[in-house]
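Quick setup: one chain, the form predicted on its own, written in structure tokens, and binding and motion questions come after.
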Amino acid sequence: MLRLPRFGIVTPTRVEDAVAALATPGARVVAGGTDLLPNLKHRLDAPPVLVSLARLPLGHVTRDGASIVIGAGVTLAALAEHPLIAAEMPSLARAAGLVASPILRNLGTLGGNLCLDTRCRYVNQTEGWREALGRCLKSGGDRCHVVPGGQTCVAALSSDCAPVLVSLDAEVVLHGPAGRRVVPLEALYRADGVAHLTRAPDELLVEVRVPVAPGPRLAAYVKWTVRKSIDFPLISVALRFDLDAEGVDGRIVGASIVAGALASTPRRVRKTEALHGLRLADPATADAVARLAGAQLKPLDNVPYDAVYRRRMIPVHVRRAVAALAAGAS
């Protein structure tokens, strides 16, 4: 049996008090605990105190002008079932509904999913296993077992919601000692699996703001795992197509393709301008999107599945997702 280490816990009722509590060196935030507590059992961290968000007012979903505002405390289950999210951002509702299992979705929060710790097949093991292999960059060592000689940790961000929200140009609101600041969600992450979040240790993610589509849009999220529940994604891709007319007869005027589970940041596919002018109703469009994604997205051996096979699966699942979008909108 894996036991939790000893720690203190505080349960503030105001965001300001939570921020003040995070000033304690090593303090960590806990919401649903579905990511943090297993990591503590594996001794991947040993915080002196946990700052619980259970009593903070962060469970709102509202429309604010041209944006949808989602509190960081909204559970993944509530996000998947919320009518406003389903109507305006169906790809986000789908991503939230694919996380883990119903029990974990009832506990896990949007903020927690966006701030997931990075994972790697060589570090998310018991402490004894890591010691036997030799510690890596993420566990206090001086080597990377994925990229021999690598100087930066390549542990993967396995969040389902992050690639979708990056594809939708979401922003996050961070609250720290100096007050609130708004940053693009994409800027919350950096390419370092050891310290992949740019928010300060005493900052709290309190809100996500997503701009409403100004015109016709189709979006999807595809996730491939060995099992249909519980598992983190082996590959995941969020797709967004802005169109010049309703339905698949419209031509693409804007596209965003963002992958997860490859690196410590969501990976944005570049040169999507090549898709502009194509029609989703044309079967060749699915092939074009699949080729673009497959050429740029290159998995590593950082999750427990063959990287070569994962790379082959990317264009397959992207092609299927685009074809399903076209069929559903026709």
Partner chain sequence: MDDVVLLRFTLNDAPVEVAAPAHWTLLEVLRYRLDQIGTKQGCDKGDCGACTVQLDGRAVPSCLVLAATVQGRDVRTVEGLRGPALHPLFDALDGAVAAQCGFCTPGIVMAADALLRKVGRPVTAAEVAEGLAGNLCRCTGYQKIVEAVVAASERSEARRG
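This structure is a prediction, so every number in the text was calculated from the model and none was measured. Positions refer to the first chain, counted from 1.
Keep in mind that the form predicted in complex with its partner chain is missing from the display, and what follows is about it.
Remark: none of the three candidate residues (L197, R267 and G294) comes within 4.5 Å of its partner chain in the predicted complex, counting heavy atoms only.
Checking P184, P102, P211, G141 for any heavy atom within 4.5 Å of its partner chain in the predicted complex turns up a single hit: P102. Residues of just one listed stretch (49 to 57, 283 to 291, 301 to 309, 270 to 278) have heavy atoms within 4.5 Å of its partner chain in the predicted complex: 49 to 57.
Mapping the unseen interface onto this chain, L37 counts among the residues with a heavy atom inside 4.5 Å of its partner chain in the predicted complex. Interface membership of E81, defined by any non-hydrogen atom within 4.5 Å of its partner chain in the predicted complex, is confirmed.
Its partner chain in the predicted complex comes within 4.5 Å of no heavy atom belonging to V15. Its partner chain in the predicted complex comes within 4.5 Å of no heavy atom belonging to A327. Counting a residue when any of its non-hydrogen atoms is within 4.5 Å of its partner chain in the predicted complex, the hits in 218 to 236 run R227, S229, I230.
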